[in-house]
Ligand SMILES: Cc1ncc(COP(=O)(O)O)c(C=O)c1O
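Encoded as structure tokens, the following chain is the form predicted on its own, with no partner shown.
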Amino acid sequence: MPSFAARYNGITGSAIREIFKIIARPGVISFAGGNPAAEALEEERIADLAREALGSDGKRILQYGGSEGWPPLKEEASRFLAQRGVDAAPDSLLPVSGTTQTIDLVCKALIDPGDTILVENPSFLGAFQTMRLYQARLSPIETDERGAIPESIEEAILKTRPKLVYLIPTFQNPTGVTLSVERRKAIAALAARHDIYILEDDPYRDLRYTGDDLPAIRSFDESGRVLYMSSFSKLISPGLRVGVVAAPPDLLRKMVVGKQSTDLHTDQLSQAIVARYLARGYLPDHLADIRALYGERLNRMLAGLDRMGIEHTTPEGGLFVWCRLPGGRDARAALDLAIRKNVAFVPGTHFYCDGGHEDTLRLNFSNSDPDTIDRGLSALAEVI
């Protein structure tokens, strides 16, 4: 029997995707994924935009496209990012099939087997899987209630000489913590001082329910070393699989070449739909609606956790709350018991590149209405 490639050694797949097999069962309350609420998915509006796009430019949309992306989307995405304080001309942007593809393309362009990537501890487990498939060594940087600690990053840079630093600065996945402005400035300066790329993953920024917006790390970048990635999955539709990344020209070209051997180009109909959605000005009102919806759900979950006496973060936005179980309880064992009560979550150990921390877990609130959140937390209270 032929052997598999060495890059798959130790790769078992996403823990979240495995849990998805469980939550597909009828009646299961899922705090596991990062799904938008069903009420937030505008199927009729998307259908209308698809018909309009095909009716006006169907031949071009249905034909092969350029790997560099659908030009109208790049124009609209450039304006969208400018509203966030990210100066990115259309020709500096690459539309991607979700931000996970950005991580893949950056690793394809930069990472050789054995190279080091610095990651927050904890951080997004989907990014870990992609990085490990390129046989990268993941080295943790420490975080606190204000996000990644710059001194920890610099210490790790000097010790490991990494190729890349991966950060989720706003409503971080899995903790919900937001990186302070002072630290954003310091990290941009670190990138310049050590001539190292920072991959800024910022898909949750617009899902803010309280507090003030903060400038992106890239807005402080004077060295061209901060790559900025954004996604329309949480804002418009995850099924469309459309995101964008801003990168310097030399790296962007390598990523385009890498994309040609992956999917040739991001789905053109999806790009055209998102471009029209942005051009029509639908996003601001939609964001207002989903912020109100998710903000209520976050508050309901936080109140329930407080009643339970569970230690947790208090995010100002995003999709996740991070918890620590009392008495060092193992969240994986708790999950087995919770599933019997038709409730699912993700044990926190999967979000640590070096494992451990078995008493932590991540809860999602966006995909459950307030009454369902109450019922799910009541079941969890019985478990723990």
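When you see a residue number, it is the position in the sequence shown, counting from 1. Quick caveat, the model's predicted, so the values are computed rather than measured.
The same protein has a further form, the form predicted in complex with this ligand, not shown here; the description that follows concerns it.
- Partner contact region in the predicted bound form: 165-173, out of 249-257, 165-173, 110-118, 302-310, criterion any non-hydrogen atom within 4.5 Å of this ligand.
- Looking at Y134, you'd find every heavy atom of it more than 4.5 angstroms from this ligand in the predicted bound form.
- Among residues of the shown chain, Y204 is one whose heavy atoms approach this ligand to within 4.5 Å in the predicted bound form.
- When this ligand is considered in the predicted bound form, G98 lines it closely, a heavy atom lying within 4.5 Å.
- Although the partner is absent from this view, F124 contacts this ligand in the predicted bound form, with a non-hydrogen atom inside 4.5 angstroms.
- Site annotation in the predicted bound form: the residue of R208, K234, R183, K74 reaching within 4.5 Å of this ligand with a heavy atom is K234.
- This chain appears without its partner; in the predicted bound form, the one residue of R297, R276, R241, R225 with a heavy atom within 4.5 Å of this ligand is R241.
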